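Let's start with one chain on its own, the form predicted on its own, as structure tokens.
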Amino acid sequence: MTASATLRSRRRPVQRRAQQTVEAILDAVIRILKRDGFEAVTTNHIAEVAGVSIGSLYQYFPDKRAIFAALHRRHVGEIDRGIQTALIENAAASLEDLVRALVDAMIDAHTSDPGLHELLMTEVPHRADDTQEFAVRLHGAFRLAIAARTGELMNVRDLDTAAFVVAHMVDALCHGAALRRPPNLGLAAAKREIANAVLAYLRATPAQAA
């Protein structure tokens, strides 16, 4: 078995009861992390807090690393759904309204439980390719948004370059707003300033090549 394969569930939870078992296991990890810290996360402790047998846990996950990977994927999935919802609900909106909606969705996903997000970023090991896959999807979302609204921009630049810059701006600034915002900066103001920064970049005249 390859290293990457061990990070996937042993068995896909198809039936509702199986899905509930997997969710209970992932929720148990969060409770243990918040209450007792990372060192207390063992498969036996997870099974106990989840209310399942250790055998049931191993039906779905070969080890802790697979559980951590699943927890991270669930978190990324929640962010993905927020972004897709913002894209759908603002399909006919102006560039400004869509950018603000996407920034709202990103920050809301990270601030719904900031303590959990901090734990996921600092304490829970996860695979680099999960993060890379999310970066690709975020790039695609912003590329789609920009491509459909080039008529609102003073100068049409390379779409992939613009989407790359915007996606990384939003990702970094939204993480900062969720976890490292200064005390005198409210969340609404942070959202507004991030959207303003993205829009300023998109509307700026591209620098001329030397």
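The first residue of the shown sequence is 1; numbering continues from there. Worth saying up front: this structure is predicted, and the values here are computed from it rather than measured. Note that the rigid core is defined as the largest set of C-alphas that superpose within 1.5 Å between two forms.
Quick note: we don't show the form predicted together with the DNA, though the next part is all about it.
Proximity to the DNA in the predicted complex, taken as heavy atoms within 4.5 Å, picks out 61 to 69 from the listed stretches 61 to 69, 174 to 182, 24 to 32, 161 to 169. Put simply, Gly55 is close to the DNA in the predicted complex: some heavy atom of it is within 4.5 Å. With a 4.5 Å cutoff on heavy atoms, Val49 does not count as touching the DNA in the predicted complex; it lies far away. Although the partner is absent from this view, Leu153 stays clear of the DNA in the predicted complex, with no non-hydrogen atom inside 4.5 angstroms. Although the partner is absent here, Val41 is a contact residue: one of its heavy atoms lies within 4.5 angstroms of the DNA in the predicted complex.
Ala40 is among the residues whose C-alpha shifts by 2 Å or more between this form and the one not shown once the rigid core is aligned.
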